[in-house]
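Coming up is one lone chain in structure tokens, specifically the form predicted on its own.
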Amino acid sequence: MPDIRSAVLSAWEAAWDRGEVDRLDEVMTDDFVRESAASGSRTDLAGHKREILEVRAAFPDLTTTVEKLIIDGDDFAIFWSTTGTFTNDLGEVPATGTRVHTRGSNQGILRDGRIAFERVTWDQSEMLADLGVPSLRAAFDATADSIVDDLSGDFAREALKGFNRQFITGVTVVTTTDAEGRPRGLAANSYASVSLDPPLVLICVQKTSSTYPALFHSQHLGINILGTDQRDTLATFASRDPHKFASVQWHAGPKGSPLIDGSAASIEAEIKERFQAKTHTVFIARVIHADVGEAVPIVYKAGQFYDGASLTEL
């Protein structure tokens, strides 16, 4: 029987560092099962190979280091670390260019000198969490099943729209810069303050927005609350005009995010987390700069805009 220790190390390096996933056939049984300790999801050998190739496509410079391999009879454990740059998209998640270093361990069972089962402390969702992109595993692994939250449903759309019409918000323009340093932005009312200590805010952005890729790649964003004399600005950023900033006066925040002149208030924030929510992404950001002006904010309710100065105090 070949040395299982040397065979595992050799196949591991070939698969993860060079993408030679068929080398795993040498050390894994035909009915191999891989289980995630975090989610409980399971995949077979073909699914495991597919996941490796997906990760390597997203992290082409990926390198792994096996720190310890322990074999005791038919039980084994492998402890490892990995480093790579998020260069290409992974599933629905746009690449961020961020370099990540993560570590994990696999514990499993050998049968006739091959790995029949392993339970892992890491999967693609764990890597994305390390990058600030916590997400449903289903976005990346077609084999995930019962552990995936089903966000679909037959709740009456009009009932929810009726509920939303009763909620009053302000109007914001969310801004950032793309890879070439060009300003990008979109109108949004899905802003909320998360906490004052730490100073966290959130916005929710639809993935089909032309600004979304730049926003996802960026490390910082601006949020501008529009004033009542900025209706033209609102119309511009609610449109698909590719040159939205051509007619808008703005200045850069400390980290370069576009802050719109004349806004009722503006903040710049560092993006900390990106939560996938099917058609949208929720961005959690820590505020690092704020400007509060004298302009009266626009008020939005039930598809209409109102003068914030006309509010009657209760």
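Throughout, we count residues from 1 along the sequence that is shown. Worth saying up front: this structure is predicted, and the values here are computed from it rather than measured.
The protein also exists as the form predicted together with a small molecule; that form is not presented, and the subsequent description refers to it.
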item	value
Single option in Ser193, Ser210, Ser81, Asn88 placed near the small molecule in the predicted bound form, where near means a heavy atom within 4.5 Å	Ser210
Heavy atom within 4.5 Å of the small molecule in the predicted bound form - residue from Leu200, Val100, Ala116, Cys204	Cys204
Leu186, heavy atom within 4.5 angstroms of the small molecule in the predicted bound form	yes
Contact of Thr121 with the small molecule in the predicted bound form (heavy atom, 4.5 Å)	no
Partner proximity in the predicted bound form: Trp12 to the small molecule, non-hydrogen atom cutoff 4.5 Å	no
In the predicted bound form, Val171 touching the small molecule (heavy atom, 4.5 Å)	yes
All of Ser239, Lys244 and Phe305 with a heavy atom within 4.5 Å of the small molecule in the predicted bound form	yes
Interface stretch in the predicted bound form with the small molecule - options 102 to 110, 175 to 183, 69 to 77, 230 to 238, non-hydrogen atom within 4.5 Å	230 to 238
